[in-house]
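Shown here is one chain on its own, the form predicted alone, set out as structure tokens.
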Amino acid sequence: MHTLHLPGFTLEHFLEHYWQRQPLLIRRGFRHFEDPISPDELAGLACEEQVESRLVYRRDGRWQAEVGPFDSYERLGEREWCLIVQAANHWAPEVQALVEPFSFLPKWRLDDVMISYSTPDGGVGPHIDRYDVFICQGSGRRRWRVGARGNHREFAAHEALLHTDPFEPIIDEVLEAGDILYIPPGFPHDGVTLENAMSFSVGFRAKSACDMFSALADHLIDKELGNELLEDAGRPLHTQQGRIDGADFARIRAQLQSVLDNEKLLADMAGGYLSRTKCQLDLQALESPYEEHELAEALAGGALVRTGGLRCFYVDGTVEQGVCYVDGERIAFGPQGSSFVPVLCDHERLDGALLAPWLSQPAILAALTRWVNAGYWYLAD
């Protein structure tokens, strides 16, 4: 288990003065840090079709990028290339453990843990991210330069690589094992490897209004909601055929606002949308599924561990009805399950003692059994 060490200030201080405001280098943020997986294991993940991976390298001075899976790297030589694996926490419990130290931020803001393995002079070039990232340095050393937020020109160095023009650094430091570099959105940065190195990037991504409205539209269509037509009985005589007047515009706005004011509808949309993963989960369905009574017996001496990357949320407005959202699915346990929902969603590990008060509720035991059999949670000692 990794513990986050801050140099002389609190998490509250970090959130007030740095989060989404300015970058920060935390020396030895993780003490005695060791790579949770090896370069060979990372290369093994990049061999898998269902795992998102990329290679970034330079050939004859020009940037190149390829999408995995990959089965060989010999053609690349010993310098100037970088292997990137997205959502590695979905496939390796040891990598998923890197998420826990950042639990002072809500899980719905978490994107994934991306891992990069780079050879000397390797990197992805100077660029700007639209998300918050904690870059945790593993083995090897990388030099990181971070510029100030501003009006930086971006351009396509390759069809898959968006770069930015050179910038003056406000941070220019070499990171070693255990160092953490926090970079908010909008700050240009560039990392160049000095020796074979591993970096573990814990990313947090917000949703745009466009994303949320698109999800809301999908939810309305899928659930056949919001089909009520605008009503305007008793309207006055209209004399300008091409005009949408103030009164009509107010009716249109009120029609849309009525959807936004429906707390249950929005809770279901947000919970379902935000609990879906963008990358595939490593779901290992059981060949010999548990019966409900068998799982209850097994939990007497064991615990349930959430598979890496699984997203489980609840919303204040509907939690009293025992509603939660697991990987995009709305689950309703009823008011009798309202105090179970935070237990389920707030913990990565659910031991038998924690679960015991709830196993007598048929709906809860049935849901847990279904999830375990499908691979969303697995039984551990």
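Because the structure is predicted, anything quoted here is derived from the model rather than measured. Note that residue numbering begins at 1 and tracks the sequence as displayed.
One more form of this protein exists, namely the form predicted in complex with a further copy of the same chain; it is left out here, but the text below deals with it.
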{"query": "Stretch in contact in the predicted complex with a further copy of the same chain, which is absent here, among 278 to 286, 209 to 217, 165 to 173, 73 to 81 (heavy atoms within 4.5 Å)", "finding": "209 to 217"}
{"query": "Proximity to a further copy of the same chain in the predicted complex, single hit among Ala177, Ile128, Val192, Leu266 (heavy atom within 4.5 Å)", "finding": "Leu266"}
{"query": "All of His32, Pro362 and Arg370 within 4.5 Å of a further copy of the same chain in the predicted complex, heavy atom check", "finding": "no"}
{"query": "Interface membership of Phe155, a further copy of the same chain in the predicted complex, 4.5 Å heavy atom rule", "finding": "no"}
{"query": "Arg141: touches a further copy of the same chain in the predicted complex, heavy atom cutoff 4.5 angstroms", "finding": "no"}
{"query": "Contact label in the predicted complex: Asp316 to a further copy of the same chain, heavy atom within 4.5 Å", "finding": "yes"}
{"query": "Close approach of Ala300 to a further copy of the same chain in the predicted complex, 4.5 Å, heavy atom", "finding": "no"}
{"query": "Heavy atom within 4.5 Å of a further copy of the same chain in the predicted complex - qualifying residues of 208 to 237", "finding": "Ser208, Ala209, Cys210, Met212, Phe213, Ser214, Leu216, Ala217, Leu220, Ile221, Leu225, Gly226, Asn227, Glu228, Leu229, Leu230, Glu231, Asp232, Ala233, Gly234, Arg235, Pro236, Leu237"}
